[in-house]
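Encoded as structure tokens, the following chain is the form predicted alone, with no partner shown.
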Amino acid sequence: MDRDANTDSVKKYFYVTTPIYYVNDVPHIGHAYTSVAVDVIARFKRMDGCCVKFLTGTDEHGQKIARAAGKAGMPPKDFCDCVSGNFRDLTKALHLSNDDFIRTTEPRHMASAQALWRQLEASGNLYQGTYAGWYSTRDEAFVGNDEVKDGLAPSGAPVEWVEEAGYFFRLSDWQDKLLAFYDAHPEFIAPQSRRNEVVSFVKSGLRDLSISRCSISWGISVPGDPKHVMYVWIDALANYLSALGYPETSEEFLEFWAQSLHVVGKDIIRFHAVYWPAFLMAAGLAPPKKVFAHGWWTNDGQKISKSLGNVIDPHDLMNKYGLDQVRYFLMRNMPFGEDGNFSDGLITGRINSDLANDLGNTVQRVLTMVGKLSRDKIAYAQDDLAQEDRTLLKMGYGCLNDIRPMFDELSFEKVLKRIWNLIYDINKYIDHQAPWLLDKTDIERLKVVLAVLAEAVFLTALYIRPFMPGTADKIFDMLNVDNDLRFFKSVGVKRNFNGPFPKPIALFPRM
């Protein structure tokens, strides 16, 4: 697993998380989408010198899990062991570089969640009462009377009437504090459409939140009152702290938490941007730095659902199209944060046009000339560079500063467009310089041109590496680049490329 980081003497910390996935079913394209996005961010930050912690895992408590286990004829823990394993297998299949995989049935998480509960209790934010209202088991969410239509929650999930004693969190006390926090930290919720949605929800008025259940037993026991288990969402959200060692708040904990990014689906933004910061502030902790909610996928324009039989299995996609091809498509085909559509035609078009024609042909074109014409060593002196050489190198070196803010905004499609502009410029440079002619007329000029081309391809491999690590490493191998140079610290550093160079391979077969 690729976890190397070219850290400097002053560590720059970065903590990025997927939501922990609910183990009532098998992984689908939505899980793969979120996971790949977070992996791309983690890889980019590591390559840029950060000390990164990338967390993913599974959410294994609640009524929905208990019912799914019952249908499967299995004890809940055995059921969770089985389905959680499917998600762990997906992390390997997607070549994720996660540093940790947390399960909410682990002792470390249970201890952390109970410690958070005790802090909320000690702060005076909890009280006992009776809950009477609608509950969506599929969403594991309480639903207000005004939100229920025709017996369904806003998500379309059926609701059931629940009446039981429990513990409540004084969420209503946090309305003004949350709005003040949003005003003071405009970057906390992204994209803007989701921020507007959350602010509008909070301004409409917050009701106290029921945070325990006594009608089910599959969950983490409430400290001091084992007849109750924690509401699954307070349990699940605590995982982000569990993985950092909470309730211990070491200097490393504080450094990572200060630079924390939660990437979630838009359907769970309310839990992460309303309940979670309120819980944290009530417990004396700062909220995460940012919560980013992405959109949903459709399949040929239709909503994806088991009832329609159009659920997309990420393993099937990778078997059919290839790992890096799928990773690229997921990050390129729509602005991150908006809804997008999957179809065989769309992914095939991307593979043939962007990957086979643009990237693959350019790399093979350059490396074939390097292998045939370089005489096994390519380098240039700064004084030998013509204006066209400097222009291409400037385009290549400048790409890093261009894409850094795009990554901070999670604008993956913009990053890839900028990298592809470099690929287009490489091809224009080849056509204008015509190295095959220089081989017959000007060997010294040919050496410079090949060195500039090798450097440009090297830079391209660097920039695509967070998205397509396997493809990037194939390019590095064909250029004989050492592993410790495959980081952004190498941008702008003068280097030689030494042969003999292997025969270039086709990176992307046409579909």
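Keep in mind it's a predicted model, so treat the numbers as computed, not measured. The numbering used is simple: start at 1 and walk along the sequence shown.
Note that the form predicted together with a small molecule isn't included here; everything after this is about it.
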Which among 413-421, 234-242, 142-150, 173-181 is in contact with the small molecule in the model of the complex, heavy atoms within 4.5 angstroms?
234-242
Thinking of D354, G360 and P509 as one candidate spot, does the small molecule come within 4.5 Å of a heavy atom in every one of them in the model of the complex?
no
Considering the small molecule in the model of the complex, which of F497, F488, Y13, Y22 comes within 4.5 Å of it through any heavy atom?
Y22
Work out which of H31, R465, K447, K45 lies within 4.5 Å of the small molecule in the model of the complex, going by heavy atoms.
H31
In the model of the complex, is there a heavy atom of the small molecule that lies within 4.5 Å of any heavy atom of D39, even though the partner is absent here?
no
So, in the model of the complex, is R327 in contact with the small molecule at a 4.5 angstroms heavy atom limit?
no
Does G265 make contact with the small molecule in the model of the complex, using a 4.5 Å heavy atom cut-off?
yes
Partner contact for W297 in the model of the complex: the small molecule, 4.5 angstroms, heavy atom:
yes
